[in-house]
Ligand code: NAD
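Only one chain is given next, in structure tokens, and it is the form predicted on its own.
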Amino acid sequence: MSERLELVGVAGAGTMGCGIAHVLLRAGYAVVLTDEVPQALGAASEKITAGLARDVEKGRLTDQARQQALGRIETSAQLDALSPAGFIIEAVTERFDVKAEVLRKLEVFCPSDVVFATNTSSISVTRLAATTGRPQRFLGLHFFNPVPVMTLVEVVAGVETLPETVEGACQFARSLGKIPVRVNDFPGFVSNRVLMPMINEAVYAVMEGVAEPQAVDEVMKRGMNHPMGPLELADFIGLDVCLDIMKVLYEGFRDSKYRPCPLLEKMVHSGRLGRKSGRGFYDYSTAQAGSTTAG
């Protein structure tokens, strides 16, 4: 790890980037958060401010620590604002071409000793590392949504990742209050290789008329003790993200069991992406916070 690790850069101010920035601030790090969309930065700042306030309410932070944390974050629409950071976490959209472009740009700005981590949930870490000049200092750190709450981080080494890079990243994850679990570089790693086919099969159950979305979810919650049904979870993750991951699995394994359900593709193409669009398998447009109606 770089000696400048007290300043961490996060590329991408969406759901994951925002959550990662939040836990970094809560753990005492200074953060530079970038996104090419200024509105995303504004929304992230508001969400982080609200999240830190909740931390105070729940006794995880003092109010003084909250105020200090808010003084340690800088936002920018320019990627080169990350150049002073001692550690970089890429958290842009789950598409190889988008991630690769960001990583290639970061390679120009950042010193060669800085470790790059990708928050990819399914894409090959080795392939992403190859787009940079630092594959030995590149790895996957897959945080889980909502980042401030979920304790797991999948730590994924690429073919060229040095053992000391992996160990340093595990120590870094622990400093955030997370539990690092090392997994190997296969499509979807462990989490999404298991989770996404279950979600995909739940979508097939709806498409084939086995049951309505609420019934599918109720069976899994009541019968399997899942805290959230697979279709409600898909809405929470984003149906577009679920589809992207299923495509990575299908292309990576070339096995028909990973073929995305046609209904999932149809819903994404129609703009029904889940909570973030107001409608997915459930309708969130008029629902009260924490409640849903069948879509």
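Please read these numbers as outputs of a predicted model, since none were measured by experiment. All residue numbers are counted from 1 along the displayed sequence.
Keep in mind that the form predicted together with the named molecule is missing from the display, and what follows is about it.
Visitor: Check for me whether the named molecule, as it appears in the model of the complex, comes within 4.5 angstroms of all of 121, 237 and 276 - heavy atoms only.
Guide: Yes, all three are in contact.
Visitor: Considering 36, 251, 63, 265, which brings a non-hydrogen atom within 4.5 Å of the named molecule in the model of the complex?
Guide: Only one listed residue qualifies here, and that residue is 36.
Visitor: Which one, 106, 129, 92, 114, lies within 4.5 Å of the named molecule in the model of the complex by heavy atoms?
Guide: Residue within 4.5 Å of the partner: 92.
Visitor: So in the model of the complex, does any heavy atom of residue 24 sit within 4.5 Å of the named molecule?
Guide: No - in the model of the complex, heavy atoms of residue 24 and the named molecule never come within 4.5 Å of each other.
Visitor: Quick one: does residue 12 come within 4.5 Å of the named molecule in the model of the complex, counting heavy atoms only?
Guide: Taking the distances in the model of the complex, the answer for residue 12 is yes, it comes within 4.5 Å of the named molecule.
Visitor: Mark residue 40 yes when one of its heavy atoms lies within 4.5 Å of a heavy atom of the named molecule in the model of the complex, and no otherwise.
Guide: It does: once the named molecule is placed as it appears in the model of the complex, residue 40 has a heavy atom within 4.5 Å of it.
Visitor: Is it the case that residue 142, even though its partner is missing from this view, gets within 4.5 Å of the named molecule in the model of the complex, heavy atoms only?
Guide: Close contact exists here: in the model of the complex, residue 142 approaches the named molecule to within 4.5 Å, heavy atoms only.
Visitor: Just one of 202-210, 172-180, 215-223, 143-151 has heavy atoms within 4.5 Å of the named molecule in the model of the complex; which?
Guide: The contacting stretch is 143-151.
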